[in-house]
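The chain below stands alone and is given as structure tokens, in the form predicted alone.
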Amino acid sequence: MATSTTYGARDHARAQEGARAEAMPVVPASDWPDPPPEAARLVWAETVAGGNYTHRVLARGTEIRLTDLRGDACAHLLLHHADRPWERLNVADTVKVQWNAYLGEGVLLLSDQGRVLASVVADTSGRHDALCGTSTLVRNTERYGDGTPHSSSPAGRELFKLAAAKNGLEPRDLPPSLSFFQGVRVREDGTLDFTGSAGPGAAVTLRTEQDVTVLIANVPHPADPRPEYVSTPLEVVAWRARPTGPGDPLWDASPEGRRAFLNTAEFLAARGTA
């Protein structure tokens, strides 16, 4: 189809309606070709290419399933309260309050206000990281020759800046992030051991406990020793569910977690949104 005229270009563009690429969002999400049992309540369905990013504002009580489709995705994650972006994921508090440096099922993702932004409700990977953060422009330029967001080796922080800008956030609003699907463990001598991926098909499900802005950069882990920039597609599927409440085993799993949930409940009640 000729595109040398405005009419031809318009017709060519309209002819693409309904076409599917390997990595793209699906709108409406209910058209996702491989829906989970919760398909009737899908609110987000997208495949994020390696070296790319995505973002979404999600209501409290949404569950998000991240899937490493081919075994080399690495989902670097940031969370901000949707209405109060100065309340955001605090990795240091997430680790120290729960006496646990390793992410997995049952871990709460805490803000710097002692409240729960999201909880990990399922995990088939076990290969995650709360210690290293994401990659930077300087480091990627040293390793791969470039780290700018539109290069073939974009840095995670540069992609976070783009995602943040689309939600009214600035670079100063970007704290250290968490990473899913590429693991790190601490050796006895304090050095880090990169444990890599659990393989294709590993998945993590998060539940939002407040209204949040989700930022995700799918880029290689900064501790990945491979000289090549290796990053494969990440699947993101989200559906409406229910937030954690009293009586849920997760609510009472630990004294620290219970206090964080109580802090969250008090805050929501005061705002009339509980």
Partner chain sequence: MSTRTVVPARAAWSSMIRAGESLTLTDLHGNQAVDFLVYDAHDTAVRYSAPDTIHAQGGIFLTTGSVLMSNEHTPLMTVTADDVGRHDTVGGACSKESNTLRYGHHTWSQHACVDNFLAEGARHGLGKRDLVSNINWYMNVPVEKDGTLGIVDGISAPGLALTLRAERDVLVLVSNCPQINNPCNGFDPTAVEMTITGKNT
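Positions refer to the first chain, counted from 1. Values in this document were obtained by computation on a predicted structure and should not be read as measured data.
Missing here is the form predicted in complex with the partner chain; even so, the following discussion is about that form.
Asks: Looking at 146 to 154, 168 to 176, 67 to 75, 196 to 204, which one sits within 4.5 Å of the partner chain in the model of the complex if you count heavy atoms only?
Replies: Looking at the partner contacts, the answer comes out as 168 to 176.
Asks: Within a 4.5 Å heavy atom cut-off, is Gly106 in contact with the partner chain in the model of the complex?
Replies: Although the partner chain is absent here, Gly106 would stay clear of it in the model of the complex, with no heavy atoms inside 4.5 Å.
Asks: Since only the chain is shown here, I'm wondering whether Ala82 would be in contact with the partner chain in the model of the complex (any heavy atom pair within 4.5 Å).
Replies: Residue-level check for Ala82: no, no contact with the partner chain.
Asks: Find out whether any non-hydrogen atom of Glu256 is located within 4.5 angstroms of the partner chain in the model of the complex, and reply yes or no.
Replies: Within the cut-off, so yes.
Asks: Taking the partner chain as it sits in the model of the complex, is Thr141 near enough to touch it, meaning that at least one heavy atom pair lies within 4.5 angstroms?
Replies: So Thr141 does not count as contacting the partner chain.
Asks: May I ask you to list the residues of 162 to 199 that have any heavy atom within 4.5 angstroms of the partner chain in the model of the complex, in sequence order?
Replies: In sequence order, Glu170, Arg172, Asp173, Pro175, Pro176, Val186, Glu188, Asp189, Gly190, Thr191, Leu192 come within 4.5 Å of the partner.
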